[in-house]
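One chain comes next, on its own, written out as structure tokens in the form predicted on its own.
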Amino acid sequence: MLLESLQALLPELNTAVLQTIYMVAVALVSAIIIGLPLGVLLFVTDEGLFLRNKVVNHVTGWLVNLVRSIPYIILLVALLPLTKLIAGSTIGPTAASVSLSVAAIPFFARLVETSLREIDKGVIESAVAVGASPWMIIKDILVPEAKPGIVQGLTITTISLIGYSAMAGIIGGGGIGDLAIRFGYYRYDNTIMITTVIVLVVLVQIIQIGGDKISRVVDKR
């Protein structure tokens, strides 16, 4: 009976896993494209840095904190009009990717900023002293020096996004969360609930192990 139930679930499970990977990938790309520069901006405009700008730093920090302070499930609902505008629908993996991206960008930006703060200030001061341009300092010193921390930040962001994507299933966002709610919760099917939990645990473990290995490889310190 159990084996038959799992076999019947397999096509749905495969689709749900692919949808989850798609949602997380879209949000992660958005986090890298927007969140990485945002994190660098938060760092270099801070007090005592080479592009210090109190107004830019405070406004950017306030916006980042604003989005991060909203629980994801509330953010998901609040962004439905924007989701409809961008994706043309409020349900499905593409629609869920909008709110996931909005949640991921400030989250990753703060992790990038934290990684940059671990860099020895003396290295930055030396670069400024020899006349290096801000772009050269960012490109050749800050990002390479903070690379292990940024990789770890990406790992943490990816794992968080998997959890968020499961929540998106509540409003028909697709993915593993949607499968667990439709087939496991509404139909009281414990087999499906346990299976989806196991799949999520395996996904997280793979990502964490992979992220740790990449972080060690890129760490030249």
Partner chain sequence: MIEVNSLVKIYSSKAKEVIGVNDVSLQIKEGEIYGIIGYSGAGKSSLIRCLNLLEKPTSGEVKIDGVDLTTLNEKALRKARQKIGMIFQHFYLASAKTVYENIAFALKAAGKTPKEIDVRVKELLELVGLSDKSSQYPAQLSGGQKQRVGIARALANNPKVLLCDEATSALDPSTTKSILNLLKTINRKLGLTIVLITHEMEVVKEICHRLAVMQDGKIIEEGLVYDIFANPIQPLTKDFIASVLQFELPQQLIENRKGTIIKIQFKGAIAEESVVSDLFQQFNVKGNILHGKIEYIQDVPLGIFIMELTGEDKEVERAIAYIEERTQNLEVVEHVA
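Note that the structure is predicted; figures quoted are calculated from it, not measured. Positions refer to the first chain, counted from 1.
There is also a form predicted together with the partner chain; it is not shown, and the following applies to it.
Going by a heavy atom distance of 4.5 Å, is R117 a contact of the partner chain in the predicted complex? Close contact is absent here: in the predicted complex, R117 is far from the partner chain, nothing within 4.5 Å, heavy atoms only.
Quick one: is K220 in contact with the partner chain in the predicted complex, heavy atoms, 4.5 Å cut-off? Heavy-atom contact with the partner chain at 4.5 Å: present for K220.
Contact flag, A129 vs the partner chain in the predicted complex, heavy atom cut 4.5 Å: Yes - in the predicted complex, heavy atoms of A129 and the partner chain come within 4.5 Å of each other.
Counting only non-hydrogen atoms and a 4.5 angstroms cut-off, does K139 reach the partner chain in the predicted complex? Residue-level check for K139: yes, a contact with the partner chain.
Quick one: of V123, L80, I73, I91, which gets a non-hydrogen atom within 4.5 angstroms of the partner chain in the predicted complex? Of V123, L80, I73, I91, the residue with a heavy atom within 4.5 Å of the partner chain in the predicted complex is V123.
Among the candidate stretches 108-116, 140-148, 82-90, 95-103, which one is within 4.5 Å of the partner chain in the predicted complex when only heavy atoms are counted? Correct option: 140-148.
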